[in-house]
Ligand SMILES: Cc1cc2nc3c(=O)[nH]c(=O)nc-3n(C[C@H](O)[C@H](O)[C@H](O)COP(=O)(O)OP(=O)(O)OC[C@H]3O[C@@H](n4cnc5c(N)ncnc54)[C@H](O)[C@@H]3O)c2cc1C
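Below, in structure tokens: the form predicted alone, a single chain.
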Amino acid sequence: MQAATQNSQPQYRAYDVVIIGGAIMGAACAWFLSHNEDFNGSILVVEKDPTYQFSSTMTTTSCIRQQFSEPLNIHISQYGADFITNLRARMGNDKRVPELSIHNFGYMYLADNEAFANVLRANQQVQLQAGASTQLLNADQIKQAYPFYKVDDIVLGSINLVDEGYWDATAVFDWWRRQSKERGVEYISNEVVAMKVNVNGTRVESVTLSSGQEVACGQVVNASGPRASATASMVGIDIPVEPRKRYSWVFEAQKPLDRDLPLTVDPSGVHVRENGNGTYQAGGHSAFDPAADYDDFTMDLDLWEQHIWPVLANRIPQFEAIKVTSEWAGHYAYNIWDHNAIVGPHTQVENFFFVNGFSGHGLQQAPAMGRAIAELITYGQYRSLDLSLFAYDRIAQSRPLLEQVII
């Protein structure tokens, strides 16, 4: 392949693979395909906003965890952690690529009733069997390890300090795109607005761009994040993925904590984590949580004062005196059906591939998902981690696979 630069028009009239969406998931698919020695086809990535300003990738908490209820999600994140911590080696020992690590402050899930405590206990057993290092702590143990918490109402906590915490997702994202372009992947600033399917309804023959060009394609990958349903509808497919607004705040504490703050998930659903240098990042959403308009990123001005800050100050009294320095709204690509990814080809439109519906944990799953899509397109099957449980057919056959641990 020859290196290509990003512009608004495709260089060619046909590509072996067209990836719709160039954020973290599309970039992962492009990188793994272009670095697979058995794949030598052409790749076009179509991204409507090359600044990625409002993408889920750029509005994330940028963390990774192994505390899930579905074992496959744990294995997916374990591969993600391995990829992150061995980034330069994974990227061909390219000296330009930074050496990364995970800031392992862990996730602290807090239960304030026995019912939820039992869920944490059951999840820990699943996590331990999958090779995670999850610990359960009672209120006294939590207070001893993290004296800043108020734990009068807490029954149990769950935390894992191995491969669980913050990582530099922007570095991975940037290098996936950079190396892919150097290997001939073509990125364009455009938008797919329609697709043409053959008369039998079994293959996508071409995509139509907003600028009017019709581009023939061998395979199509739906990597369009919160817009996944709109993309799927172009070929008559309905998937249960919709954009849900999630709000974030970065703040300074007048009295910073004396040790790292785990990504703490309060029983209320509000979460907060270490951000470094006496700053912290909190997140949450409104009790009324409908599907958002694709272009709606307005803040809920009352949510901080009426809900988020009171919860933080109650759980961590040192957060009574804080100053918000930035705030923003982003979208989850929310699978309203079972909160798990939809991955792989459609059951009828055989060359239309999903990599959708991550419900807030897509960033950490991107390495495994990119590898999986590359294997399916190149070999017609998974060769590493089998993601068949997340295939589209579970939706067609009404077999939900519920992931309980979402934020």
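Numbers follow the displayed sequence, beginning with 1. Remember, it's a predicted structure, so these values are computed and weren't measured experimentally.
Below, we refer to the form predicted together with the named molecule, which is not included among the displayed structures.
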Query raised in the report: Can residue 248 be called a contact residue for the named molecule in the predicted bound form at 4.5 Å between heavy atoms?
Result: yes
**Report entry** is_contact(residue 331, the named molecule) in the predicted bound form, heavy atom dist at most 4.5 Å
**Finding:** yes
Query raised in the report: Would residue 56 count as touching the named molecule in the predicted bound form under a 4.5 Å heavy atom rule?
Result: yes
Query raised in the report: Any of the heavy atoms of residue 265 lying within 4.5 Å of the named molecule in the predicted bound form?
Result: no
Requested in this report: Could you tell me which stretch in 379-387, 395-403, 20-28, 7-15 has residues with non-hydrogen atoms within 4.5 Å of the named molecule in the predicted bound form?
Outcome: 20-28
Query raised in the report: Candidate spot 47, 60 and 107, all three in 4.5 Å heavy atom range of the named molecule in the predicted bound form?
Result: yes
Query raised in the report: Only one of 123, 190, 335, 158 has a non-hydrogen atom within 4.5 angstroms of the named molecule in the predicted bound form; which is it?
Result: 190
Query raised in the report: Going by the named molecule in the predicted bound form, which residues of 357-391 come within 4.5 Å of it through any heavy atom?
Result: 358, 360, 361, 362, 363, 364
